[in-house]
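One chain comes next, on its own, written as structure tokens: the form predicted on its own.
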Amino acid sequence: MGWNSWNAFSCAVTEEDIRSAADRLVETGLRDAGYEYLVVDDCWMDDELDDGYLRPHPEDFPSGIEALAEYVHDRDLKFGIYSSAGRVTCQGYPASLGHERKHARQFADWGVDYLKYDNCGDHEGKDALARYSAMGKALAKVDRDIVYSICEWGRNEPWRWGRNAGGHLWRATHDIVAKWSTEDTEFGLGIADIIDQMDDRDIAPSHGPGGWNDPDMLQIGNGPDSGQSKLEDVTVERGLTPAEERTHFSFWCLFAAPLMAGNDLVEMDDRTLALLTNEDAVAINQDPLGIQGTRDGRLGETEVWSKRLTDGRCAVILFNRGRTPATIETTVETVDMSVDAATYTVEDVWEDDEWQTSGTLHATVDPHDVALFRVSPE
């Protein structure tokens, strides 16, 4: 869990933006809710390497990365940085292919706790496993624990080899954008598109403690004016509706996905903060079993999804992807409930309600919205 600069600031990110984000993670309570990693994405680098070493941009990051990491650490947060497994990053800055050992040592010396490693730039004919394994081996040799995020976009099925490359999480989808869905001609995927891709790829068996399928960062709180929306070749005419944001967060929690917020924390409103810090939803995401939720059934525009939790419980989503309200019904026999009981307690995460059932689960769900339940056997 944490925050990444890309969706809000894109390539315009500065040292001051990162310092402000660190302060806001503390002031808003996001850190205490679990959002502990603060990651600087692309464009922090200078235009040229220095004898093979990366340099921070002298104007945008004048204090240097080590001082910035110390500022973040002083707030009881962990510091993350970005590079790419090619000669240049996605925005054309120097990257790490061929310099893995030098850069891994740099990251460790700077106090980096997390590396997001992208897939852009000239690959020099090397396949994904070779390129990502080279950095994984380099990170394993430094005297610092660094979370290794393989951002390979799912092109070469990193869920099959990510652990062997030293990865702790790997992107399972293309980049997310702040839309419900995108056209084929647009950059990236919307929320509904990624939900479908996570199901279509049938990758849940590859997911669990120590190795996570990553459906990309959160777009909650973003819209047409966010940095990524302005930069990429995609038309974002409006922000996500409250229902769409609730669906977005609910599914990322059900997926046991990394929760990397990506909104401007200085401009964040109370509704966004309340969504990101909902204790019951975050608990579903952080459940120790680490199971990725899957789809149990679909009828027209309505769907049922679930995953097992500790102590015999399960989490259930009733999803309405249609344009009109719909009543959705299922049973505990249909979802991923491992315990047979005469009575079950149902906690409605978003309605803050609780009731007993002998097995039926149901709700009337608004368009593009979900009901998120936590079901416990009695």
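These figures come from a predicted structure and were not determined experimentally. Throughout, we count residues from 1 along the sequence that is shown.
The following text describes the form predicted in complex with beta-D-galactopyranose (GAL), which does not appear among the structures shown.
Colleague: Among 245-253, 296-304, 279-287, 148-156, which stretch has residues whose heavy atoms lie within 4.5 Å of beta-D-galactopyranose (GAL) in the model of the complex?
Modeller: The contacting stretch here is 148-156.
Colleague: Name the single residue among 171, 179, 103, 131 that comes within 4.5 Å of beta-D-galactopyranose (GAL) in the model of the complex, judging by heavy atoms.
Modeller: Contact with beta-D-galactopyranose (GAL) in the model of the complex is made by 171 alone.
Colleague: If the cut-off is 4.5 angstroms on heavy atoms, which of these, 336, 36, 347, 42, is the one near beta-D-galactopyranose (GAL) in the model of the complex?
Modeller: In short, 42.
Colleague: Is there a heavy atom of residue 113 no more than 4.5 Å from a heavy atom of beta-D-galactopyranose (GAL) in the model of the complex?
Modeller: Flag for residue 113 set to no.
Colleague: Is the gap between residue 275 and beta-D-galactopyranose (GAL) in the model of the complex 4.5 Å or less for some heavy atom pair?
Modeller: Close contact is absent here: in the model of the complex, residue 275 is far from beta-D-galactopyranose (GAL), nothing within 4.5 Å, heavy atoms only.
Colleague: At the 4.5 Å heavy atom threshold, is residue 82 in contact with beta-D-galactopyranose (GAL) in the model of the complex?
Modeller: Residue-level check for residue 82: yes, a contact with beta-D-galactopyranose (GAL).
Colleague: In the model of the complex, does residue 264 come within 4.5 Å of beta-D-galactopyranose (GAL), counting heavy atoms only?
Modeller: Residue 264: no contact with beta-D-galactopyranose (GAL) in the model of the complex.
Colleague: Can you name the residues of 87-115 that have a heavy atom within 4.5 Å of beta-D-galactopyranose (GAL) in the model of the complex?
Modeller: Contacting residues: 90, 91.
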